[in-house]
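First, one chain by itself in structure tokens, the form predicted alone.
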């Protein structure tokens, strides 16, 4: 296994523009010394940094492969912190692969997934949150997600973490120093208002935990499964939520034989909606497989929408479906077809269950459902623009909160207080990558696209 020094010694190259045909394609090279690549590819001895040159690109036999722009960025004033060469040629995949092959001949190796961003992180150009936000920005599926990823990239999330970490470091230093004075420790801590400082820190970190939860919701959305008897309107509801005809709708029971997945955006928040086969007793082999897949989809759902024909009400068949659903799974009961039953669109609360009356076919009450879905996953519309966060960030924040709460509860027990503050500092710092295992870095950057 290569050391970090050996790893950063390689010159790496990749196509950085998207797949397919385009007017312009981009190839990116990064490394410690790109002079051989520049000379071999452009026949120029030197390129001035941050100046665009229009050049011919040459093969080994002085054959011209293409012509275009080339820009050179000298490290550390570059994205990766190393020397970077950006080659802009014509966007044909054939041409770009010829240029890529030429760079490999000149001593580069193919970049791994996310390796350019990983080098930026290792060279101190980005912290881990900012590095992850680049991938999130590339894959953003809504305007809100893109804005949230950009806020993380610009350091809003990291800045809040650093601010809290500075308070943690100050407290840790004070407590560790106080341990050297065992006869005066309690009075010393009381006079220094350690308890009030811990209380303020506890408040700030709980606030950041709330913001992180919002960021994870914006990034991940929620998995929502629609279940119900055949021909109750599940596919019509999916189409109404998506505002397009995703699923086939007929009057024939059992039309949907498999799960149909569709990502929709509600107020900028992504939802993964799964329409399932109608659950009932059947001898049809294909339909049985569809029902099995429906129940499998339910097992990984965050919320289940149980559809009921409002003209029939809760039937014995509906009760049998409920009996097959996990008891702990949150459920939203949808009374569909109110255009036929004469009910008006509304939300009601019966015991612990929320009931929504709507017509998927006519679009009545769909806005009520959208608003309720946002509320049920914990989305706060009043929060304004939020930074994007990931599940690992939320896990680390929860662990940090746990140790800060323990520290506050044991503020007079110096040894316990010191340990809890240390654990909190370590957990919080893992978010930005101050304390990160190599296997975590490998997992994070392996999910990036090649060339980024």
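For the two forms, the rigid core is made up of the largest set of C-alpha atoms that agree within 1.5 Å on superposition. Here the structure is a predicted model, which is why all the values come from computation and not from measurement. Residue numbers count along the first chain shown, from 1.
One more form of this protein, predicted in complex with a small molecule, exists but is not displayed; see below.
The closest heavy atom approach of residue 230 to the small molecule in the predicted bound form falls within 4.5 Å.
The shortest heavy atom separation between residue 337 and the small molecule in the predicted bound form is within 4.5 Å. Shown alone here, residue 117 lies farther than 4.5 Å from the small molecule in the predicted bound form, counting heavy atoms only. When the small molecule is considered in the predicted bound form, residue 172 lies well away from it, no heavy atom lying within 4.5 Å.
Though the small molecule is absent from this view, in the predicted bound form it lies within 4.5 Å of a heavy atom of just one residue from 236, 220, 88, 130, which is 236.
For the residues 103, 304, 360, 168, the 4.5 Å heavy atom test against the small molecule in the predicted bound form is passed only by 360. In summary, the region of this chain contacting the small molecule in the predicted bound form, judged by heavy atoms within 4.5 Å and restricted to 95-103, 117-125, 222-230, 136-144, corresponds to 222-230. Once both forms are fitted on their core, a CA shift of 2 Å or more is seen for residue 360 between the shown form and the other one. If you fit the rigid core between the shown form and the other one, you'll see the Cα of residue 311 move by 2 angstroms or more.
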